[in-house]
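Presented below, as structure tokens, is a lone chain in the form predicted alone.
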Amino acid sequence: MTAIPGYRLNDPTLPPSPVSPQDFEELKASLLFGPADVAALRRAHEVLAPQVEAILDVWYGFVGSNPHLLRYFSTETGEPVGPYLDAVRKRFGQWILDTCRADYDAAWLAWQDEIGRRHHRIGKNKTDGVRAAPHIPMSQLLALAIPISVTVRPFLVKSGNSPDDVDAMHAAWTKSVWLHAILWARPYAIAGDF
């Protein structure tokens, strides 16, 4: 894999996630996320990997057509920061692949916490050294789980797999997106409230 600036999965210098293994297992149970979902995500990898750029085109088209979302990638004067959008796109493409690999270990948990900090005012813009909106509200962080989930289904359908298998892959994808979004919201919570 080519190095992606700012991508830190498996970076041993990241602080460990404050989410305990038991809490993580309970969260997965609450989301009805189990071994069958892991298997379905891994099948989805074969389907989605060759379509990553097309998926990103859809997602970036969605963000770009919604000024209230584009502003998080823009300067105070409303000008989109092109290099920032490009850098995030590369990491977002890798995130699609990582999501489908479903390798949930301590390094993955630490990386999810770092992603959450990068959306929150404590870390927004620091990775890329840009001057864009300084914070993404938690409401928008969580709301985007829906378009990121819904828009993947047509790409899964292109697999030619049975409708039941497409349903299984899509359900697993959706649960995983919610799992990510919930973990990314951790830095927004007051200590003890997550």
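Each residue number is its position in the shown sequence, starting from 1. Computed from a prediction, not measured in an experiment: that's the story for all the values here.
Separately, the form predicted in complex with a further copy of the same chain exists; it is not shown, and the next lines address it.
Proximity of A29, H68 and I190 to a further copy of the same chain in the predicted complex is complete: all three residues have a non-hydrogen atom within 4.5 angstroms. R118 falls outside the set of residues with a heavy atom inside 4.5 Å of a further copy of the same chain in the predicted complex. Using a 4.5 angstroms threshold between heavy atoms, A185 counts as touching a further copy of the same chain in the predicted complex.
Residue contact with a further copy of the same chain in the predicted complex: P147 places a heavy atom within 4.5 Å of it. a further copy of the same chain is not shown here, but in the predicted complex it comes within 4.5 Å of a heavy atom of A143. The partner is not drawn, yet in the predicted complex one stretch among 41 to 49, 154 to 162, 60 to 68, 125 to 133 has residues with heavy atoms inside 4.5 Å of a further copy of the same chain: 60 to 68. Along 8 to 24, a single residue, Q22, places a heavy atom within 4.5 Å of a further copy of the same chain in the predicted complex.
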